[in-house]
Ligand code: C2E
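Next up is one chain by itself, shown in structure tokens, the form predicted alone.
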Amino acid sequence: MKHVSEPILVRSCAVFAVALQHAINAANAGSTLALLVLNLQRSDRIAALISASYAKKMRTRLWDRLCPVLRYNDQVLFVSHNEIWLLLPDLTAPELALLATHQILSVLEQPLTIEQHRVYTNPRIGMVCTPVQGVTASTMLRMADNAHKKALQEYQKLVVAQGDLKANLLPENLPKLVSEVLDANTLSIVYQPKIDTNSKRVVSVEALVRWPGDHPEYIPVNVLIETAERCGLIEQLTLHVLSTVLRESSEWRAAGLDLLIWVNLSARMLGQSHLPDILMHIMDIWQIPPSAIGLEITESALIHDIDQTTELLSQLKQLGFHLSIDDFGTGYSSLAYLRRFPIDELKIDRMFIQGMTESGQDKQIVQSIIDLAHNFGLLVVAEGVEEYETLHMLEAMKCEQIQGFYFAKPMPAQELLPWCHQFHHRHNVA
């Protein structure tokens, strides 16, 4: 029998959607309604998938953790083994929604014990609050789900959706919009510096594509890339980025700034056997050697066809391109694969970097990756460095290069040259 103080456990998505719509209809101007989409990146994922009895025990443990921080009229739905929806109605202020969310994060960040095993859940939450003009249950769920996906992609514990529906819901004609923007050549590129930890010199920059700021629609970068891959536009997008990078870097070189520029290479491009020819064609047009460009490839993109990937990377390396494995630590590369790939550096995923000052486990993972890279003769880049304490720890670990907001946010090409001069002047770099 349900205790009066317990929240309401909902049994299906359809019932939850109905309850959400009722809560939206009942909400008034003086109250706030919060919807949370919670993802649990669980260390026991396989056990939860293959054992129904284990999954039931785990759900009971999660319910026991959540109940003390929820109210009697809050509603909870266990959508799957790693996703939970929460409805928090009748809040007197949006700040209370944030307070409740941080309480949920706090109780779920502590490990659970089940069948003598400690289980870590690493929760990520997407949240949306009313009032939002014209919101319905389905649109509110989409908004919270988009925020939850952003939290996963950007390794944030909590992302709150904006109150503007237009900013949260992607347009139905998305492929057409992406194609039009590519044809109009209006995508912009920003550059984030990488700093050598010993010399404090800017040694390279990463080129990052951005949706045009004056466009009436807003498309997140990850959605832009996914759409380009799905709709056969990824080659056009890659060529646009590389052409822009080569044009803008030629202006830096003329001004005396000679930096290696890293460009992200998508998994779909890595699967094209004619990729070296595509890249060399554009390099020849600008008469810039491949050694001026580095190619960042995500770890997960490397494992689809190991033999083809190794051959392709070897060709790119022979042509003179620098090669880096991006987001290292989140994929599935074995040591044997790592030894086969002709790469120059490893880039540690920001998820571990941003957690290392508070998590001994993350700190050990970072140290292990650095030691692993050095054993293979590779440079190490840490991304997502935002605090001095993190920088200090990485310097002690002998991490060669740093990238993150502690030094600089991504900036347009015209701002890079003066920023580099000022940065080098502050650090007495000749």
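Just count from 1 along the sequence shown to find any residue number. If you superpose the two forms and keep the largest set of C-alpha atoms that fall within 1.5 Å, you have the rigid core. Nothing here was measured: the structure is a model prediction, and the numbers come from that model.
Absent from the display: the form predicted in complex with the named molecule. The rest refers to it.
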Check, residue by residue, if Arg210, Glu386 and Gly404 all come within 4.5 Å of the named molecule in the predicted bound form, counting heavy atoms only. yes
With the partner left out of view, is Gln354 within 4.5 angstroms of the named molecule in the predicted bound form by any non-hydrogen atom? yes
Going by a heavy atom distance of 4.5 Å, is Asp145 a contact of the named molecule in the predicted bound form? no
So, Ile278 and the named molecule: in the predicted bound form, are they within 4.5 Å at any heavy atom pair? no
Does any part of Leu338 reach within 4.5 Å of the named molecule in the predicted bound form? Heavy atoms only, please. no
Name the stretch, out of 103 to 111, 136 to 144, 77 to 85, 258 to 266, where some heavy atom lies within 4.5 Å of the named molecule in the predicted bound form. 258 to 266
Between Thr130, Gln192, Ser324, Thr227, only one gets a heavy atom within 4.5 angstroms of the named molecule in the predicted bound form; which residue is that? Gln192
Just one of Leu319, Val203, Leu98, Val241 has a heavy atom within 4.5 angstroms of the named molecule in the predicted bound form, so which one? Val241
Rigid core fit then His215 CA moved by 2 Å or more between this form and the one not shown: no
Exceeds or equals 2 Å, Cα of Glu248 between this form and the one not shown, core fit: no
Asp196: CA shift of at least 2 Å between this form and the one not shown after core fit? no
Output row for the Gln153-Val221 CA distance, |change| of 3 angstroms or more in the predicted bound form, reads closer
Please say whether the CA atoms of Gln153 and Tyr191 come closer or move farther apart in the predicted bound form, knowing the change relative to this form is 3 Å or more. closer
